[in-house]
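In the structure tokens that follow, a single protein chain appears in two forms: structure 1, then structure 2.
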Structure 1
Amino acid sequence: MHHSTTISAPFHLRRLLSEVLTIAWVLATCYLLWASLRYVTDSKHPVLVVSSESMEPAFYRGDVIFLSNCQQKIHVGDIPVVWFQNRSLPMVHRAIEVHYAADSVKADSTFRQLVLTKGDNNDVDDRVLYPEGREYAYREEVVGLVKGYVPYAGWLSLIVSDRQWILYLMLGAVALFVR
């Protein structure tokens, strides 16, 4: 728009906008892919990392699991991920009992689903881990059912979540090498 007539290097607005666009476009695409995944799986957390040994030998620490929340009815044998309110971490265990509460009809005329879970590698069921007075988990507290997994892929994320400084160290190293 403004043509500089000086000999020194002029400020190229369009150049700057183009370069910023390439970065912004990458970020935008990444976020939208993530949003699409959440939408397709109907789950706020479509990808998680297993952090306990309670589901061995099915899942080990460091495995990445893929969830889908589309299946409304939970069956015994499914692996629901239960995330109670005010808890910082969810539980990935197997459903061993599923009941329908006859005394509580939801707005869409279905009965409330009650689920009891237990880790494959645990000796007792999860009742002790449920909030005070609760015997079952509700379907609404399940963020998804495990549909697939990739072994070992989440190890780095486990290491970093324990020691946050490693993440900053890695980012610093990347910044050094890129320019």
Structure 2
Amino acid sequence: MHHSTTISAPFHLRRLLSEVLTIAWVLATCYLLWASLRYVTDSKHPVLVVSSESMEPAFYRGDVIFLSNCQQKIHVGDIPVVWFQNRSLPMVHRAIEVHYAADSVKADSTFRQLVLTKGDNNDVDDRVLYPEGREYAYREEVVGLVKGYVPYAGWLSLIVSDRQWILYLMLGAVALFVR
């Protein structure tokens, strides 16, 4: 009597579906954690990586920062993360002046919070970095205030964004490893 050592097609299909469902479960879990973090912090960007030296010695390039946008008013000394429209990256700098001005956009006599920022490692304030003709950043351009950080935890992200070929190399290695 001859026994076949081949594995049936339904077994291969079951194994493939199991792997696909496991990957889908991991991705869904990551998405739900990210969505929950966004909700709890009231920020579209609750975690960012510092990409410049402008805030040294408070933060260094590659530090991961954690944001919260729950605090309505910004105070001098806070570190708001300002993301201007049509800019590819946000700006993580300390608030050095805070003012209030009548909001000309709204007719209900509300006040708009105006914030002047400066990097701790910079010699001058950020007015030259603001949109043309602006002296201040607006509170509504702040995506969150820095509430904590992990030193150097974001270096891999910076390396991959600076040298995208490394991302493709890593993806290729993962694809080979999964087989």
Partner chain sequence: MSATTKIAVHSLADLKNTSDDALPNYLTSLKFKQNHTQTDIRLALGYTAVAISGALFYIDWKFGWEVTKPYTAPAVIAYFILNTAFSYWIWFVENGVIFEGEGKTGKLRIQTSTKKHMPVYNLTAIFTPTYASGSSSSSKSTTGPQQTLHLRAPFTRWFTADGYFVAKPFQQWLASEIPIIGAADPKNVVEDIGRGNQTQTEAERVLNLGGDSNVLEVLEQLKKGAAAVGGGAGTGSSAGKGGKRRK
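Residue positions are counted from 1 along structure 1's sequence. In this text, the rigid core denotes the largest set of C-alpha atoms whose superposition between the two forms falls within 1.5 Å. On a predicted model such as this, the values are computed, not experimentally measured, just so you know.
Remark: the form predicted in complex with the partner chain is the source of structure 1; structure 2 originates elsewhere. Comparing the forms between structure 1 and structure 2 on their rigid core, the Cα displacement of Met170 stays under 2 Å. After superposition on the rigid core, the Cα of Leu21 moves by 2 Å or more between structure 1 and structure 2.
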